[in-house]
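First comes one chain, alone, set out as structure tokens in the form predicted on its own.
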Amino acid sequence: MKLRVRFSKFGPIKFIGHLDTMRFVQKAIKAAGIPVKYTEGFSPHQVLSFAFPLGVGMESESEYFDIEVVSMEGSEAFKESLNREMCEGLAVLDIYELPKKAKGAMASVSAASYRIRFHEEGLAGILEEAVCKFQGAKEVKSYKETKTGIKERNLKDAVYQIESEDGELFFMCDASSGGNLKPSALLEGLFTPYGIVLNAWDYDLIRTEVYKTEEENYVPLCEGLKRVQ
């Protein structure tokens, strides 16, 4: 039985990288006695895959991983047994059944949404003005240094929604394998014209949802899936 698990990540655990988080979840699944399926061969491992790596220092309201189990007693039993083994800050929220031929979580991701809380209250007015300018502009250039030179990108092509409210920034952007936009690139595009350079400790970054594309619309990775009872 294939399952898609939605979980959250908050607190000090945000400073633990993706690979270490993945290894911890694997150990928690084993300790919880979840009847997970293993691959065959000389080095068997759990049939488990995460949807979209979460950057170090970033919190999340909605992350996903796919897992295949041999049997399933029920959603609450699964959640309770796994959450007992989780460290503070990691929590399983929901469990959904995946159709046999469903595309994997990692391959399904096309967009993600974020919320940013700024520590400096004085940025609220500038943020509102910067967002208005971004919304009205035809293009906002971003530059990234790569091994082959400077890569230019129009942020307007990668940001699908953006707004500010009460000094916080909300936006949805490209998260596909070929066009993933880092939130730091958007912040640079917004604040550089004002001579403001933000560091990672100047704000709290929370991923609010991860999306797939269905009929040209962006919907959460759990959309259309049956919640396990």
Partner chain sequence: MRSLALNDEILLKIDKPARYIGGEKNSVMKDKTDIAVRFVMCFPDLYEIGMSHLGIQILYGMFNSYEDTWCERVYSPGMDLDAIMREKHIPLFALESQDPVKDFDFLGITLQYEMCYTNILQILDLSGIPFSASERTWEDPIVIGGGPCSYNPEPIAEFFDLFYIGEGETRYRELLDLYKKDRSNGVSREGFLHHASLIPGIYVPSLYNVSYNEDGTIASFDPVYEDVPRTVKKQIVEDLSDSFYPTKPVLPFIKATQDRLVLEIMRGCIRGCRFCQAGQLYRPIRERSLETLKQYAKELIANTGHEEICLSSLSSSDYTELEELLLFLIDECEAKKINISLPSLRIDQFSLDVMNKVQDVKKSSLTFAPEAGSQRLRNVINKGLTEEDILAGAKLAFEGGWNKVKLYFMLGLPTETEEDIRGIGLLCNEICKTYFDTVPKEKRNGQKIQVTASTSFFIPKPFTAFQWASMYTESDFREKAYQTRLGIMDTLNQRSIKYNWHDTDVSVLEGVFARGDRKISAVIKLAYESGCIFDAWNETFHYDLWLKAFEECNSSIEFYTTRKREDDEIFPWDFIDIGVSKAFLLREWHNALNEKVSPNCRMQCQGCGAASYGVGLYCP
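Positions refer to the first chain, counted from 1. Only the largest set of C-alpha atoms that superpose within 1.5 Å between the two forms is called the rigid core. Just so it is clear, the structure is predicted and the values come from calculations on it, not from any experiment.
Not pictured, yet referred to below: the form predicted together with the partner chain.
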(request) With the partner chain left out here, work out from 37-45, 158-166, 61-69, 174-182 which stretch has heavy atoms within 4.5 Å of it in the predicted complex. (result) 37-45
(request) Evaluate residue 197 for contact with the partner chain in the predicted complex, applying a 4.5 angstroms cut-off between non-hydrogen atoms, and reply yes or no. (result) no
(message) Although the partner isn't part of this model, could you tell me whether residue 57 comes within 4.5 Å of the partner chain in the predicted complex, counting any heavy atom of the residue?
(response) yes
(request) Considering only heavy atoms, tell me if residue 20 and the partner chain come within 4.5 Å of each other in the predicted complex. (result) yes
(request) Using a 4.5 Å heavy atom cut-off, state whether residue 121 contacts the partner chain in the predicted complex. (result) no
(message) For the three residues 79, 94 and 224, which mark the spot I'm curious about, does each lie within 4.5 Å of the partner chain in the predicted complex through at least one heavy atom?
(response) no
(request) Just give me the residues of 72-87, first to last, that have a heavy atom within 4.5 Å of the partner chain in the predicted complex. (result) 85, 87
(message) Checking residue 43 here: with the core superposed, does its CA move 2 Å or more between this form and the one not shown?
(response) yes
